[in-house]
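Encoded as structure tokens, the following chain is the form predicted on its own, with no partner shown.
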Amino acid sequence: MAKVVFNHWLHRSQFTCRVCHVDIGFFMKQGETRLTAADNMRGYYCGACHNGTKQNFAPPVFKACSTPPNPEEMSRCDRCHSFGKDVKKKYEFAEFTEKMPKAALGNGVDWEKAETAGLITLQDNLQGLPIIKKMPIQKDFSLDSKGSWMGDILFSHKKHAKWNGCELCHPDIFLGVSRGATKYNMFQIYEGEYCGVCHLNVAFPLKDCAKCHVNPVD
């Protein structure tokens, strides 16, 4: 079997981050989730959706794994095990994102604006899994910048709750839920802690400073 090529952009365009990283249980970093074909066949990880019956999509999403695969099923295996292969995909990135709002960094797509504009609709629960009662969304708040050359930060609870829910950040990433309860700095963030858990891997990159430091320096 060839290595699996995972299209994160496609999954993020249809589900909130919380569905995969809280409900299903994928770790946030590549390679940390030690899933197997047997896990998928038991309905865990990829198999939570890719079992051939889930109705979150129309038609139902294709089945993930079977071992050993029948010869006529190999083309289905290639949909994921596609590294180094010329596999025709149902969705191509350039075509799928052609009309999406553009971003200068990352993969070139402003996913936040795409969601706000209704170009993508994020599902926040998965058929067959219990629906988690959502907590009330807290208000946005500002954070003072410690560098005189950089403006203050406006943190959007609304957007983070929309994409992540509360459970993805609290308590694993941010222990306290009150403003200022958790102390951290940019060095820690660039080491992959706190905001860096997402913004070094999947969310807009840290180099896009103006996304967070929205208030200009006086």
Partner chain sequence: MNNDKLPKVLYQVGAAILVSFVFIALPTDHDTGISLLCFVKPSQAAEESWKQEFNAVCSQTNDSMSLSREELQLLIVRCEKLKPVIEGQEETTRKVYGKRLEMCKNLLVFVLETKK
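Positions refer to the first chain, counted from 1. A quick note: this is a predicted structure, and the numbers were derived from the prediction, not measured.
Another form exists, predicted together with its partner chain; not displayed. Remarks below refer to it.
Note on contacts: among Ala117, Leu129, Val87, Ala104, the single residue with a heavy atom within 4.5 Å of its partner chain in the predicted bound form is Leu129. Exactly one listed residue, out of Cys198, Val22, Leu10, Leu206, brings a non-hydrogen atom to within 4.5 Å of its partner chain in the predicted bound form: Val22.
Annotation: in the predicted bound form, residues Phe26, Tyr45 and Glu167 each come within 4.5 Å of its partner chain through at least one heavy atom. The partner is not drawn, yet in the predicted bound form one stretch among 186-194, 147-155, 65-73, 37-45 has residues with heavy atoms inside 4.5 Å of its partner chain: 37-45. Contact annotation for Gly52: none of its heavy atoms lies within 4.5 Å of its partner chain in the predicted bound form.
Taking the partner from elsewhere, Leu143 is found to have every heavy atom lying beyond 4.5 Å of its partner chain in the predicted bound form. Although the partner is absent here, Gly176 is a contact residue: one of its heavy atoms lies within 4.5 angstroms of its partner chain in the predicted bound form. Taking non-hydrogen atoms only, Pro60 never approaches its partner chain to within 4.5 angstroms in the predicted bound form.
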